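Only one chain is shown below, in structure tokens, and it's the form predicted on its own.
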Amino acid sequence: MPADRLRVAFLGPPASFSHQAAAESFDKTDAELIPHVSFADAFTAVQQQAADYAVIPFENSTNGSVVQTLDLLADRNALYKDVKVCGEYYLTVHHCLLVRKGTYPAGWAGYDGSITKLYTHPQAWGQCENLLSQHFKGIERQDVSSTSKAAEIVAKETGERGAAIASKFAAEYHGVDVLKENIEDRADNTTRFLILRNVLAERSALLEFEKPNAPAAVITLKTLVSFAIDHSLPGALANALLIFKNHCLNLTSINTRPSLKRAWQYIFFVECGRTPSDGNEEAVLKALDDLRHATEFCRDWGTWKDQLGGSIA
């Protein structure tokens, strides 16, 4: 591999939706896409500069937030102090029902109800509930590490009639048949991926992620901040959130994860947006300064260009 070639970590194995998102995110660069078996491994690769970037699923439009990513962003043991978000990518997710090659020659029209077990990543179940409740009620569901792994399991099995929920890309990669396409509940089923980099690595600061040919007037910047509050103080959370309003930062999402320091106390994740102007150029810095006085701790996870409806240039 050339010494200057970018290294991009994604949640493996190959042919996962994360692999597809990484390939599309970096399709205009000469990047090596490197699978990682866990979310933590991908974060660690960026922290240790074994990878220049990581492409990590953050939330799905149907099924909500990816808690594994939130737990790593909580960074309770300060393992990822140099990791920041530098971009995002939206991938429209189309699920397929996959079976071992040759199992159902007539396809879905000839399906006889003989599937006894289903495999997929936990996030996918809730995205395909209409089909599952109608045709696979009572069938055993087995969680696996990725949708691609589900396809691999079905490709190798010989003793049972199993099926996987995964992408058409995974079907082609693992050599299995597509029994039924587009089984997701919503046609607009989309997963948002965050693109991570190490702030100490100079070469990963050179690549910009933005909509191609986007007029400056429509560019929106997003910022992700995590913080914890003193839960014993009445209004502590309200006071923290009011800071964003005071600095004209539009809150677009709020998530929580347990702090694991005290029961029933939480780390909050706030995402906010702004349209850049001369008047709000330092809005994030000022908001963070105020947050440090109103919270037990706060962390800036980075600012990047909103890619909603666009693709990475």
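When you see a residue number, it is the position in the sequence shown, counting from 1. Take the two forms, find the largest set of C-alpha atoms that superpose within 1.5 Å, and that set is the rigid core. Model, not experiment: these values are computed from the prediction.
Only in words, not in the display: the form predicted together with a further copy of the same chain, which the text now covers.
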Task: Listed range touching a further copy of the same chain, judged in the predicted complex by heavy atoms within 4.5 Å, from 252-260, 24-32, 38-46, 283-291 - done: 252-260
Open item on the list: Taking a heavy atom within 4.5 Å as contact, would all three of Pro234, Lys245 and Tyr266 count as contacting a further copy of the same chain in the predicted complex?
Closed with: yes
- [ ] Heavy atom within 4.5 Å of a further copy of the same chain in the predicted complex: which of Arg161, Lys84, Lys168, Arg192 fits that? Just give me the one.
- [x] Arg192
Open item on the list: By the heavy atom within 4.5 Å rule, which residue out of Tyr173, Tyr80, Tyr111, Tyr90 makes contact with a further copy of the same chain in the predicted complex?
Closed with: Tyr90
TODO: Look up in the predicted complex whether Asn60 has a non-hydrogen atom within 4.5 angstroms of a further copy of the same chain, and give yes or no.
DONE: yes
Task: Interface membership of Pro276, a further copy of the same chain in the predicted complex, 4.5 Å heavy atom rule - done: no
- [ ] Indicate whether a further copy of the same chain has at least one heavy atom within 4.5 Å of a heavy atom of Leu241 in the predicted complex.
- [x] yes
- [ ] Give a yes/no on whether Arg186 approaches a further copy of the same chain to within 4.5 Å in the predicted complex, heavy atoms considered.
- [x] yes
TODO: Verify the C-alpha shift of Gln127 between this form and the one not shown: is it 2 Å or more after superposing the core?
DONE: yes
